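Below, in structure tokens: the form predicted on its own, a single chain.
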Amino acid sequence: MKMVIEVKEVEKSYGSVPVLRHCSFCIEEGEIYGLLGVNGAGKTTLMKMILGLQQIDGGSILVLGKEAGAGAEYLSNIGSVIENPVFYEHLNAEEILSMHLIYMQKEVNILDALHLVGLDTERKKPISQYSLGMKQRLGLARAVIHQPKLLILDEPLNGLDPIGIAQMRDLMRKLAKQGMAILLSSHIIGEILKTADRIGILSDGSIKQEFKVAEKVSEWGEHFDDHVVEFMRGETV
């Protein structure tokens, strides 16, 4: 399989406070990688560095062989939903995606993207009339409409009802089957367990444990959550 993203020995500090220390992992095409850690572990910081929104203090981040923040070509291969997506509430979904495509200098069928996330019949409705789940799905449409190779999702299921969560999971699996690599962050074990192919546990600034979900579910059974919680705490079991 083709390697989409390689995070190598990344370091980041805010003043004298280290956030990431020698953090390393990689994701192949078509793989959903779950980044699991307690609140404040550095998940969002890491994702922002991949997007070139924050500077790396040490190490390197490569997406399809190009270094983080290396211009428009680098960003054209990445889609993201970081925290809650924000829109101009008076516009509709078609107008939002049209603006995004102009910014990305891409020409793509907007209706296809809206159909993918189940919003094609709601495309003329002002965003102010959208539910939280609909806004999350529109955020995902905006993130993938330019057909990136890597999708970054920071806590994408927060605040969604069970139906919304199921819809988002189905969408992620569909995109992965199309070859997209997905980096999914959460602090909730159940979310990652039901979605990710592999899990990396971020603790004390680095990936302390990394494993395939199916293998550890088979090995640990009903104690899966207990093991993961200990790793999140930086302990071993």
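Computed from a prediction, not measured in an experiment: that's the story for all the values here. Each residue number is its position in the shown sequence, starting from 1.
Below, we turn to the form predicted together with a small molecule, even though it does not appear here.
- Contact annotation: the small molecule lies within 4.5 Å of heavy atoms from the stretch 40-48 in the predicted complex, the single such stretch among 40-48, 208-216, 191-199, 59-67.
- Taking non-hydrogen atoms only, residue 228 never approaches the small molecule to within 4.5 angstroms in the predicted complex.
- Looking at residue 187, you'd find a heavy atom of it within 4.5 angstroms of the small molecule in the predicted complex.
- Looking at residue 23, you'd find every heavy atom of it more than 4.5 angstroms from the small molecule in the predicted complex.
- Proximity of 98, 103 and 145 to the small molecule in the predicted complex is absent: no residue of the three has a non-hydrogen atom within 4.5 angstroms.
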